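Below, in C-alpha cells: the form predicted on its own, a single chain.
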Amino acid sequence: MHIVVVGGSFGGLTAAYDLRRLLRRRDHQVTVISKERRFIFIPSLPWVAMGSKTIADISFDLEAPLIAKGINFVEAAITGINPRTRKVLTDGTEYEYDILLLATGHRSANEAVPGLGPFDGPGHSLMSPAEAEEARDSWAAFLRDPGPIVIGCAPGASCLGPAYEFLFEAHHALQRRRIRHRVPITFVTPEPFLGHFGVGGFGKARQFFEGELEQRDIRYFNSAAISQITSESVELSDGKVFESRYSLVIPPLAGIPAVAGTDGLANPKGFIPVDAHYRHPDFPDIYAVGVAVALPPVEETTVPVNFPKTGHMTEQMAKIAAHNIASDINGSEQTTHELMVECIMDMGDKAAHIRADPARPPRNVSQMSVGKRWLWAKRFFANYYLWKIKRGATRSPKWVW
C-alpha cells in the first residue's frame, strides 16, 4: 500500500515518521512530497525578521533524514489532486496513492485587504521564510530613519501570536538602541480584547496584555478592521488613519490553489473539512492536518477572528491522523482527542509560557507564567526541536511536543 504525504513541515514530517514506525516496510510505502526542500521551524520566523536568526539557523534539509527512515522524498509543488483516480499531480508527474494525507499549509490571502504584503503591497508579514527575510531587510532600513510604526492583524487572521511577538521584540530592540522615543507604536487587532488569540482568551490574559502594552506606551485598538495599507499609513474601516513608516500586518489565510481547486475537496476558503479522526467526510482515503484543515472559530466576533492552528496543534493532528491511518490498515481501533495548545511568547526582555487544555473553552487547564527563564526555555526548545525532528523522534506522551 502506498501512503502519500503532501507537505514537509510539522504535520507532514510528524505523520510520515509515525506512519513509517507504525507500518511494516515490506508491505507499505510512504512518500513525502514537499515544495520546500528544507524543514523550517516556523515559530522562529519573528527572530529572523529581527535579525537575530537566519533561515539556515532554523532549518535543515529534508531528504537525508527521510531516506534514512525509509521514507521516499519528492521535492515538488503539487498542481492538482484527483480523488477519484487517486492521483497527486505535480509539474509533469503523477503519483498514485492508496491513502493521501494533506499537510499542505496555507497561502496568505492578501487580496482581503489592499496593501497587505510584502510581495502584493507595502505591508510586511511573517507568514513565510521569504516574508520574514523581507521584513528583516526592511526593518534594518527603517532603523536608519525611524518613525511611527503599526503592527497587527487583518480581519479574519488566525495566526495572531507572531504579531504580538514582533510587537514586543520591536519595542525591546528600539529601547536597546535608545530610539524608542522616536517611534510611536500602534497595535491594531481584530480581537475583541487583547489576548483573545482566536481561542476566546484564557485566564487573566486580557488584563496581562493590556498592562504590558500600557507599560510600554503602545497604543492598541481592539475589534479593529484594517481596510487599507499604504507606504505611509494604515487605515481602518471606521475612518481612523495611523501614520506608519513600517507596517507589519498578519493576513488572513486560505487553502493552497491545488487544494482549493479540487472539486469537492475543500470549503470556499480552500480549507479541508475533516471528521474527528482527520479524515475527509466524502473521500475516506484522504486525511488532512494542520493549517490546511477547516476548523470553526470559537465564537462570533464583531470583526472576524479565526481559530489558530499552531505547530503544536498541527503535530497533535498529525499523530492522530497517522495512528488512524495505521489502524485502518491494520484493523485496529481508531482514536481522537481534543487539541490543546502550549507555546512560549518572546516578549523581548522576558517570555510568557501559555498552556490551555483543551484549546477551546471551557478548559481543564488555563495557565500562564512569565519570566526570563521562559525566554531561555524558548531558545533552547527551538534548537532541541530541530534536533529531535531531524532524527524522527516523534514519540511523545499524551500527544504533546
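Numbering starts at 1 and follows the sequence shown. These figures come from a predicted structure and were not determined experimentally.
What follows is about the form predicted together with a small molecule, which we do not show.
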Fill in the blank from the handout: Within 4.5 Å of the small molecule in the predicted complex, heavy atom basis, the matching stretch of 360 to 368, 43 to 51, 328 to 336, 63 to 71 is 43 to 51
Problem - 4.5 Å heavy atom contact, residue 127 to the small molecule in the predicted complex - result: yes
Handout entry: Residue contact check: residue 36 to the small molecule in the predicted complex, 4.5 Å heavy atom
Key = yes
Exercise for the section: Decide whether residue 290 counts as a contact residue for the small molecule in the predicted complex under a heavy atom distance cut-off of 4.5 Å. Expected result: yes
Exercise for the section: Answer with yes or no whether residue 156 is in contact with the small molecule in the predicted complex, where contact means some heavy atom within 4.5 Å. Expected result: no
Completion exercise
Answer key, the small molecule contact in the predicted complex at 4.5 Å (heavy atoms) among 195, 311, 252, 115: the residue is 311
Exercise for the section: Could you work out which of 225, 143, 77, 218 is the residue within 4.5 angstroms of the small molecule in the predicted complex, going by heavy atoms? Expected result: 77
Problem - Complete contact of 59, 323 and 388 with the small molecule in the predicted complex (any heavy atom, 4.5 Å) - result: no
